[in-house]
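Only one chain is included here, represented as structure tokens and corresponding to the form predicted on its own.
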């Protein structure tokens, strides 16, 4: 089945730091518009693809793999169109689906070796490579057991092993920590870091913001099939320019006097009590550290930290959905 929209040839990336581009991509499933004019440039590195359930994340991944047709727009993966050149693209792409896709009646080493052969490797090389990647993801002697006996965490490790067995340059990981316990999630995030350190580009689709914040260098936020906001993590989380956060400790009365003096001198934005002896103040226009420390000394309080304001990825996410996003860089 082919898409009914116009055929648009993808433009090759002008910047070799960009590995994937999407231009006005539309995908429909009957009356449901899963991608609605989605446009983005995805750079090399470890990239977080964020959005609520039903936002279009998995649809975008499948369209980028050529697994589903587009109804309009263009996608370029390394200069190739996944809708017409899917076999060439898949040689250099690894995919870890969200759903349970493993064959339960074979062992992990048999399964990963079989998928390596499908990717074009000879039987002997496929078996050797399968053992290597199963060692890498932390599957030991269990590799000879049937997959149906595995825990959720072990199945997730097998899924990532099959995604990297043919040594692709680009990986799509769809909810890689789904169903895992806290220890399993830590192990999976460590795997993502280690794979990213080899120079591969990894697109991590997730709704768990704290995980993306820890492992990703760039984030793309999608909602209702459209780009809401994207950029490097540092830039997204930089907070408001000129806004500083100061944490101080001391006696309650001294803290209260300091807060009043600090607010008069610096333009207090917010004050948060953290127990009886510590407060966090947010202020605008008070970049002169000497002035801040002089006020603290004058009022007998101790400055524990004085840093430019920084948002969490959750703050960025909420801001984007409250109309603070720009739909671009």
Partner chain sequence: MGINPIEYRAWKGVRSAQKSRLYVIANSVFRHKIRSFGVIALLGLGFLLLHAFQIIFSVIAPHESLDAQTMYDYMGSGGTFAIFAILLAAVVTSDLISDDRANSSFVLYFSRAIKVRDYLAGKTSAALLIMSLLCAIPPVMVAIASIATQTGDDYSGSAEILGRTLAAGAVGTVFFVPYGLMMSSFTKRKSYAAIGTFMSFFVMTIVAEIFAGFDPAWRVISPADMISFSFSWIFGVEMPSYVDGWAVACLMTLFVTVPAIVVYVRVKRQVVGG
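Residue numbers count along the first chain shown, from 1. Please read all numbers here as calculations on a predicted model, not as lab measurements.
Just so it is clear, the following notes concern the form predicted together with the partner chain, a form of the same protein that is not shown.
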>> in the predicted complex, does residue 140 come within 4.5 Å of the partner chain, counting heavy atoms only?
In response: no
>> Please determine whether residue 87 contacts the partner chain in the predicted complex, using a 4.5 Å cut-off between heavy atoms.
In response: yes
>> Given that the partner chain is not shown alongside this chain, does residue 252 nevertheless sit within 4.5 Å of it in the predicted complex, heavy atom to heavy atom?
In response: no
>> Is it the case that residue 114, even though its partner is missing from this view, gets within 4.5 Å of the partner chain in the predicted complex, heavy atoms only?
In response: yes
>> Only one of these stretches, 178-186, 208-216, 123-131, 222-230, has heavy atoms within 4.5 Å of the partner chain in the predicted complex; which one is it?
In response: 123-131
> So which of 170, 154, 109, 164 reaches within 4.5 angstroms of the partner chain in the predicted complex, heavy atom to heavy atom?
Replying inline: 164
> Since the partner is left out here, which residues of 31-61 would have a heavy atom within 4.5 Å of the partner chain in the predicted complex?
Replying inline: none
